[in-house]
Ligand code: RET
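First, one chain by itself: the form predicted alone, in structure tokens.
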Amino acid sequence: MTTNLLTSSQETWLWIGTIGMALGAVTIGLIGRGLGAQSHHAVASFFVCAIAACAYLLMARGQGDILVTQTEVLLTPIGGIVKSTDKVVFVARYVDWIVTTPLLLIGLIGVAIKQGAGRALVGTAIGADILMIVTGLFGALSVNETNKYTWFVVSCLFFLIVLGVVWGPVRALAAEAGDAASLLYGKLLIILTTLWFIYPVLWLLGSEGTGTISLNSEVAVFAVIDLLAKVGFGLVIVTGAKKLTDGEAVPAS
């Protein structure tokens, strides 16, 4: 017998995420036509939304979540007590993030650096980002409190490395790339940083952390933040890249 772990509220929000990501991918693809040298931004943003749409569809169909259970036998003076702890983990969410967040960083950093420049910075940011997601998953799969919060702290440390790269040396390169590129990078940086700060807070408050908020609320907030961080970010970068392309097309006087 197959058991559906989703409530109707969770399923609704996951379908909203699916449809929103799919529409975002189509819209970004249409806007991104004719970007010329900046077309890589549209390609990356399209696949960010397309991958996320697939992940949300997987979760909406009840295929992207698992039940993590830990059973303990506690010995007391009156006998043994069996204590069972379980929680739902949306593994598909982490599969999505481990692919899409590096693409988002490539899009962001690509605004600041010229081709061939800053490769070490790209590698550092992406490496730290992948470890941030993987260690976050380790924490999500951990039922033991010590293990869970140890992995959460490790994940946050890698997040700080990512922030250090994009706010430090990459931001300095953006300032050298011209006013238009610098302004676009600054806007994207603020959007991404603000939204990405919500993820660890939501992890900590949600079912994978303290359980302060309900799983229904957690799924809803994740869907909204994901749409903003992927579709919203994608729309900003392709419209901004279009302006950069138009600017490059204007001959110097």
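Note that residue numbering begins at 1 and tracks the sequence as displayed. Because the structure is a prediction, the values reported are computed rather than measured.
Another form exists, predicted in complex with the named molecule; not displayed. Remarks below refer to it.
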{"query": "Ala229, heavy atom within 4.5 angstroms of the named molecule in the predicted bound form", "finding": "yes"}
{"query": "Close approach of Phe47 to the named molecule in the predicted bound form, 4.5 Å, heavy atom", "finding": "no"}
{"query": "Touches the named molecule in the predicted bound form: Trp97 (any heavy atom, 4.5 Å)", "finding": "yes"}
{"query": "Gly209: touches the named molecule in the predicted bound form, heavy atom cutoff 4.5 angstroms", "finding": "no"}
{"query": "Proximity to the named molecule in the predicted bound form (heavy atom, within 4.5 Å), stretch among 119 to 127, 176 to 184, 106 to 114, 150 to 158", "finding": "150 to 158"}
{"query": "Output flag, Met132, Tyr199 and Trp203 jointly within 4.5 Å of the named molecule in the predicted bound form, heavy atom basis", "finding": "yes"}
